[in-house]
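What follows is a single chain, given as structure tokens, in the form predicted alone.
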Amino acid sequence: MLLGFKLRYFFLSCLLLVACSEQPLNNPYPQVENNEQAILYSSFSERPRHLDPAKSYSSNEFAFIGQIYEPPFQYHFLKRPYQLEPLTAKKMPEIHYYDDKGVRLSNKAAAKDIAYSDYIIQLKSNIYFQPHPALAKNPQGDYLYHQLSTPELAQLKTLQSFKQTGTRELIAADYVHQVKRLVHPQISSPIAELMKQTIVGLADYAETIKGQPRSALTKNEILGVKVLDKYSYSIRIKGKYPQFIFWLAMPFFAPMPWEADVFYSQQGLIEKNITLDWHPLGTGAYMLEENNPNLQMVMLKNPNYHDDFYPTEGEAGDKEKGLLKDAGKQLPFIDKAIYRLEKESIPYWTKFLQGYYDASGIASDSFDQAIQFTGDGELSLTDNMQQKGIQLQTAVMSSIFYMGFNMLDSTVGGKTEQARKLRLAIALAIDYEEYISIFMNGRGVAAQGAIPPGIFGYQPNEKGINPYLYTWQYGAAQRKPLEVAQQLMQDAGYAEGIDQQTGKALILYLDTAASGPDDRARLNWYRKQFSKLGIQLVIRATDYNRFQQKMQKGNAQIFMWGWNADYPDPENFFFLLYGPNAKAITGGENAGNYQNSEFDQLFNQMSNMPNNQQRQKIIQRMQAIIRHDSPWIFGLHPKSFSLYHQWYQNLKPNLMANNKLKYLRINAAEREQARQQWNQAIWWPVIALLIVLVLLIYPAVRSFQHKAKKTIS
């Protein structure tokens, strides 16, 4: 009887243990996190390579360093069009103009008369760096960890191994130090060459510090960058460059204490991977507590964060959407942000639906589960998503993906009417509306020019269409019929794809770095588009490095490229077509090597203007020129689709701001309730299985006990 009693007791215990569990069994987080703290749960799919603000130039890196580092200016969270406002600065910069003799000019001076522009920036006081061992001092005021001995280094494993941390106030010298770091050869900032051409004296400073360690950056000064007093500094740039203010809102110009370079330059720490690229040091709302890219990255609220408040105004409709409920409240709202490594989209999607992630994009294989088309062709959430209270936000990205022609090529390039009509015919034949529908689930907008929506100069509706490719009918842009493209081919001397001069089929070459399995269907689609005109398209796929080399030498014929806005200004897109930026000639970003003297003249004029009606007219003329010349097939502007659970609040698309986390709010109690509701275990199959097991095992046990009794007797 003892064995039978133990079996019954075991099964009863299992049932009681299951029944008493308070947390869903599928909860992926440790028990210590299952409270009602304001914790954000998100993910990353690829390790950020650089967390040093002088090096980082990638969106997946900005997702972290944008919360940690603070440039002097930021984008207003709610206002549109995008507006800059002070962050650590007291006010927007004073800008003074000077001629080549050093005489100060009026603010209305012509750009041609301006030799230098001085940006004078005044900082707020009482802003402190996050706690960090690089700033730790002993009672005598000496830094504790700037000259670590071999025995001390042997005891260190991570940044958390240091027993003491310190802080100090942010001062103007920290911003000046960061500008110096941009041109240090050990750092290799991606904007070093651009800033050498922009900031007075920076190129000479770069020559001076060659061969010197990072810890020696403070020994030399930059002619055009000066500390004026404890809380003020100035940056002198060449000529007039209004877009420079946008750079001052990017992490490249965030402050860096000199102590960080001295601390992180110690070879013993570098060997242990304790570097600035791994462990940031800033004044922002958050600090990086854990950097384990094989598992998770964790950011904590900075205990030293300065006064910073949620906006008290936005644009029309924000109040009605609940985006001003927190107006004037101290930031940040979220205490902790946990980013877990998720390489596959399906596990992430499943956890999102279970409430274990707070937001999600929509992968192609999950699109139909999340999005449905209404009767009039509009997109909406499926019933299942709506029942869960999930919110959908869409935004056309400040980006463009285009197909470019190498204007140095003898067939598709040049200024002849033959080549221009050939380019236009191809542009008309490639149906990007179809591409968006097939490969992007409708998540994109066919581009009508070089400027995306949301950037000054973009014109919607009929005013903004490309008249060479589209007509405006029934309130929408309609692509012209293929017959128009075929007529252009005939006019260009390539009727039905046959070169009239040689009598041979026209063969064109598309160079691309896209060669994976997922790219094959897209590339085949492009072949079919060219074949509409009788053109044979040869795909020359290669690795990215080889592709880059071909582009730099001007050896590609047709290529695919893309650009994400660095800042919300048309100059940031038109410079991709500016003649002096030709990649094969000057190494610039004009990948197609396009040259048009009128366009270049208008570019120089437009670049130095404020956003007004005159600038708008110039922009429209520039759009008309490139639509006529067709150096690009303008392609598409991608459209982001983001899903958010109802407990995730203060959500508004902001494509320019890098520091959005501090504005967001999590209702942790509502999330915990939803997790409990959505992850109820279904126990009856388990119970039924246990009963079946008992019924199967119990007779055998009774038989064994009966035989044992007989043996004993």
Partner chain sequence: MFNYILRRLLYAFPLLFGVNVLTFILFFIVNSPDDMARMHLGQKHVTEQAIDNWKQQRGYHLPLLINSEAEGVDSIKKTIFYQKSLRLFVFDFGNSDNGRNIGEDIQQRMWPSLAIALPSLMLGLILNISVALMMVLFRQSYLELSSIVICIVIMSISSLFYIIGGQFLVGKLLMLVPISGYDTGFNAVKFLLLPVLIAVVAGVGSGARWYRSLFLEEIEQDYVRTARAKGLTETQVLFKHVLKNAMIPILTGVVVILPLLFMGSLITESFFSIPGLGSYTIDAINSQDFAIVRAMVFLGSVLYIIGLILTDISYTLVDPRVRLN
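Here the structure is a predicted model, which means the values were calculated and not measured. Numbering follows the first chain given and starts at 1.
Only in words, not in the display: the form predicted in complex with the partner chain, which the text now covers.
Engineer: Tell me which stretch of 433-441, 173-181, 615-623, 348-356 has a heavy atom within 4.5 angstroms of the partner chain in the model of the complex.
Structural biologist: Of the options, only 348-356 has residues within 4.5 Å of the partner.
Engineer: Within 4.5 Å, heavy atoms only: does residue 692 come near the partner chain in the model of the complex?
Structural biologist: No.
Engineer: Check whether residue 565 has any heavy atom within 4.5 Å of a heavy atom of the partner chain in the model of the complex, and answer yes or no.
Structural biologist: Residue 565 belongs to the contact set for the partner chain.
Engineer: Consider residue 653 of the chain shown here, and say whether it contacts the partner chain in the model of the complex, taking contact as heavy atoms within 4.5 Å.
Structural biologist: No, residue 653 sits far enough from the partner chain in the model of the complex that none of its heavy atoms falls within 4.5 Å.
Engineer: Within a 4.5 Å heavy atom cut-off, is residue 340 in contact with the partner chain in the model of the complex?
Structural biologist: Because a heavy atom of residue 340 falls inside 4.5 Å of the partner chain in the model of the complex, the answer is yes.
Engineer: Among 85, 491, 169, 589, which has at least one heavy atom within 4.5 Å of the partner chain in the model of the complex?
Structural biologist: Only one option qualifies, and that one is 589.
Engineer: If you check 125, 601, 369, 536 against the partner chain in the model of the complex, which one has a heavy atom within 4.5 Å?
Structural biologist: Comparing distances to the partner chain in the model of the complex, the residue within 4.5 Å is 369.
Engineer: Given a 4.5 Å distance limit between heavy atoms, list every residue of 531-549 close to the partner chain in the model of the complex, or none if there are none.
Structural biologist: 544, 545, 546, 548, 549, in sequence order.
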